[in-house]
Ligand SMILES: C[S@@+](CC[C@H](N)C(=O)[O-])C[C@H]1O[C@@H](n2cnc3c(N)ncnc32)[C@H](O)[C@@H]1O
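The chain below stands alone and is given in structure tokens; this is the form predicted on its own.
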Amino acid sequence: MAQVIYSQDSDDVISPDIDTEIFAKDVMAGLSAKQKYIPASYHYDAEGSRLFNKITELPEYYLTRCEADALKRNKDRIADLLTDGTANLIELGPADGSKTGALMDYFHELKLDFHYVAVDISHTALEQLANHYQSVFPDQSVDCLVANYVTDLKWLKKRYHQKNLVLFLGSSIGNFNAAQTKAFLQNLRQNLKSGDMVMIGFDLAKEPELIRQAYNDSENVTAEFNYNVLRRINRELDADFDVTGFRFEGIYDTDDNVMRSYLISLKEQEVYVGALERSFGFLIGESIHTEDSRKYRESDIEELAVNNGFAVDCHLYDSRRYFVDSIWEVF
């Protein structure tokens, strides 16, 4: 049975969707900063999610295919983590559930006994996922938990007492800066117990041009994905962004191994945001930072694990070693 439930510990879940007041507050902070920015999480309204799914199908965007390959090639190793009795398979930010769904098909073939938990802040997305799993796996025990998995993980200790395998796939960790990464991993560690496992997806550092092309695709879908956040601000916060007055550019910083995404103003302009009752000025060439996508070396991954209370169990690679799902144990 699949059900949508709420974390009783969360101060962040105010309504089924991200609260408009929080959105307005974050846009105010971002557009008032010296380097203007919009938090990457606001890309993912219904249209943004549709566009991102389209990005994952583009020939230049290798990440999704490579991770799917890594999971398929190593499904027996992952299954081994669930074979010592009833366990919880907990996925943070499951998107449409396609990657884990393929694993769950295999786990069912093996008749593994586990409880699946999908965690996201969007009630709507989780409701759709619950309905999907109810139809595909009607006998599978499924919780779809509405919670902010970046800041609110106390429910891990209070609700799920068996062995936990926590999945954080898709290189989502690469969207965090160094301080956010540390805070997330330490929060995760504090709410797990010795012997629990985590599996985190990392996009590996590689030929820079491959990375540039993945974020500057020939069909401009990634650009539309970024323009959509301006349209969302227009719609939800009564703003008047002229989307045609900006161009998208993804710039790869080879020193820091980070792909940085920007919307760059093509003219001197002012944007009024009705919900904030104020305007924001842009100079020609001034940018809005919309997202970071960090790339990792194996040594970076191992350092992150050890410094935050985990021991690396193994790395699961795709056939080209472009991507890795790294399995860590809590110690």
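Computed from a predicted model, the values in this text were never measured in an experiment. The numbering used is simple: start at 1 and walk along the sequence shown.
From this point on, the text means the form predicted together with the named molecule, which you will not see here.
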>> Based on heavy atom distances of 4.5 Å or less, which listed stretch (258-266, 26-34, 273-281, 40-48) is in contact with the named molecule in the predicted bound form?
In response: 40-48
>> I need to confirm a contact call. Of 196, 120, 217, 143, which residue comes within 4.5 Å of the named molecule in the predicted bound form, counting heavy atoms only?
In response: 120
> Looking at 99, 75, 232, 163, which has any heavy atom no more than 4.5 Å from the named molecule in the predicted bound form?
Replying inline: 99
>> With the partner left out here, check for me: in the predicted bound form, does some heavy atom of residue 204 sit within 4.5 Å of the named molecule?
In response: no
>> Considering non-hydrogen atoms and a 4.5 Å limit, does the named molecule approach residue 156 in the predicted bound form?
In response: no
> With the cut-off set at 4.5 Å between non-hydrogen atoms, does residue 95 touch the named molecule in the predicted bound form?
Replying inline: yes
>> Whether residue 149 contacts the named molecule in the predicted bound form should be assessed with a 4.5 Å heavy atom distance threshold; does it?
In response: yes
> Which residues from 158-173 come close to the named molecule in the predicted bound form, meaning a heavy atom within 4.5 Å?
Replying inline: 169, 170, 172
